[in-house]
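Take a look at this single chain in structure tokens; it is the form predicted on its own.
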């Protein structure tokens, strides 16, 4: 009785582990990607005020005008990117779904990284697109020539995710400029997923939208940088004709992003989150050094709040299952990759939890 389009759609490995965590008393939960800091009080109060004063109705589909103006101004300031249009979406994931449905026909080829964010592959399957992967192993940095070699007459879109989920890699300006030139040469669209743009620790964040503005669709949002994943607040910015089609489709799907959350996010632009980002840099250093000292092979992440070590014994599934037996929840790398050699840790947890988890993982490694 089910539609063909969901034949290859399987449950997320991340959500399976997340559900498992709910059944444990006190696990070390390195599985889910959500910040451990609270929502800024100004945003809370703005959302509460909206709820109490009638801001519970539909907004226009494209989102509150004041919010869209603030988004556009911030993109001009931070990326020198002046998008033709902005659409407020129900999370970055909502924007990703709209984009795939609007752009990808069955048989269209999309270039995406390996490792990749789990939704990319599954949403491509949903719309009948064909994934072609550019390899980021072993250090998780892209080689623009690898992208160029994959391009065929069926290629329509290149996906860039920097900072990355699951690896934490941040792509430098030189690489992004090269990809922009390749995309321009072949008249390709680019999707730049920048949801972790605030979590950059070692050098300024660069966006391919800065170097290829006319055909880049930028997806970002508030879930990670302001601790509001449950508010479902994201945005898409880019060419007017593409954003217009995404807006039309949103009318017949999500309708609009949650109204009180939109009012809350207007306040986000006046809040300095650098203290929280500095704490996350400390967490990055703590977990990276801890893994190295305990004998793990690992690349130091420059962004996001993920780290992607090699699995002891070379079998991600076996190592993750053994870790779960010791009440440490981690995600096998094959959830994000064709390879089965690594595992993902989300270090968006308290520092003492990081240390406790590292000690347990070291013990598990000795059992492999």
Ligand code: PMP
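Everything quoted here is computed from the prediction, not taken from an experiment. Positions refer to the first chain, counted from 1.
Form predicted in complex with the ligand: not shown, discussed below.
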query	finding
Option from 261 to 269, 209 to 217, 188 to 196, 287 to 295 whose residues, in the predicted complex, bring a heavy atom within 4.5 Å of the ligand	188 to 196
Triple contact flag 165, 223 and 232 to the ligand in the predicted complex, non-hydrogen atom at 4.5 angstroms	yes
Proximity of residue 96 to the ligand in the predicted complex, heavy atoms at 4.5 Å	yes
is_contact(residue 120, the ligand) in the predicted complex, heavy atom dist at most 4.5 Å	yes
Residue 113: touches the ligand in the predicted complex, heavy atom cutoff 4.5 angstroms	no
Any non-hydrogen atom of residue 83 within 4.5 angstroms of the ligand in the predicted complex	no
Contact set, 56 to 91 vs the ligand in the predicted complex - heavy atom within 4.5 angstroms	91
